[in-house]
Ligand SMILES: Cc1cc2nc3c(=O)[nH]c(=O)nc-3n(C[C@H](O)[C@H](O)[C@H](O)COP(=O)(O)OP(=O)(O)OC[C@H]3O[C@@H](n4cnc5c(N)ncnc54)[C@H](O)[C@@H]3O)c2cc1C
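What follows is one chain in structure tokens, specifically the form predicted on its own.
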Amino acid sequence: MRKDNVKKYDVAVCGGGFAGISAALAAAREGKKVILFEKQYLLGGLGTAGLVTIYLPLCDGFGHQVSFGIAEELFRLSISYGAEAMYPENWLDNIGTRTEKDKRYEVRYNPQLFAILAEKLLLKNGVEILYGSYVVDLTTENNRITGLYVENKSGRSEYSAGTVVDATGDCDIAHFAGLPTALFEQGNVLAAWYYYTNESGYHLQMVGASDIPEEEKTGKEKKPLISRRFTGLDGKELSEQVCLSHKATLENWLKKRETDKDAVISTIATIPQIRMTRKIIGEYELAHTEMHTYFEDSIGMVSNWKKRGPIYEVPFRTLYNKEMKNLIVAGRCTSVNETLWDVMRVIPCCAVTGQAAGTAAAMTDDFSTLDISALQEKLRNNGVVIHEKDIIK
């Protein structure tokens, strides 16, 4: 490839899930030339192509909204034309109360519609989307990513960007760059979520689910579909996992048809329903025990979707490793311990870290030297609440 053919951008976002959408949108709104690489032909990742269509809580379960900014913007976008289920009228319409006994700020949305609306939003803000494309290799020099090799129907092309956002979900870019990463040691269980229709309407059938961390197990958990676990990082294994998922979908539907002859499968997942694979070892590792902890370099907050109460400020240091100056991560790639990983992998957390990563990527090409107060000010100006003390009076 000739160097004069290298395509140049200010910010390259790798991965078009909720973290990548948020990062690309934030960077573009700062006036940067942004390209987003997505290997599917649909934005949203596991939240659309994977049919995990529950926008988990933006609140702590005790009446305090925790996640703001683009996290809330995408929440509202997802139900622009109505929610599928779990509509929180106490939050959206101010009907009822917001106590520990009331609905949390969460919803279920239509995956295909959200993907189209997210695409429209990014294009409106000037983001260039390259579908069917993903980074397969890169070049580095002086602790910087200098080139991204991207493959798609056109073959292999080289791109360069001042800053790179790893929102791949698998921390692929950090891995290619040689940064230290950690694997999900527990492994992923089989899931086979699908949609079906019958006389009563359109339904999400959740066959199997993600596993919970060993520290949180009580012995009363539902038995996995099969005993095998999956890393999510091996091509042959992923293909086998998808085949097993399809088998479980068919078996579940056939059993359903025994009592509901009108049930028809309408949508199956088009990507593996893998939750956690690989994450960066950043400048700081946030632990599940650090709830309600003040961090001077916080870039926003997330709640625990599994239980009411915990609030986590997210340190900027969890989004990068200084050994690669112009690379930042977002979403489930962030630097957290294994127990908290199960909290940080979900949609609101991906959007919060994505907005911070994209904003930072628009401000600097060396994240270790970024003025955190300036970043926080930009985030505040764009609707983010940084510290818990600002919501708990």
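The structure presented is a predicted model; accordingly, all values stated were derived computationally and were not measured. One rule holds for the numbers: they count along the sequence shown, beginning at 1.
Not on display, but discussed next: the form predicted in complex with the named molecule.
If you check the named molecule in the model of the complex, you find a heavy atom from every one of A19, I54 and Q273 within 4.5 Å. The closest heavy atom approach of Y134 to the named molecule in the model of the complex falls within 4.5 Å.
Mapping the unseen interface onto this chain, Q40 counts among the residues with a heavy atom inside 4.5 Å of the named molecule in the model of the complex.
Although the partner is absent here, G169 is a contact residue: one of its heavy atoms lies within 4.5 angstroms of the named molecule in the model of the complex. Contact check for G45: a heavy atom falls within 4.5 Å of the named molecule in the model of the complex. Of the candidate stretches 258-266, 291-299, 187-195, 312-320, only 187-195 contains residues with a heavy atom within 4.5 Å of the named molecule in the model of the complex. Note on contacts: among L327, C350, A360, V34, the single residue with a heavy atom within 4.5 Å of the named molecule in the model of the complex is C350.
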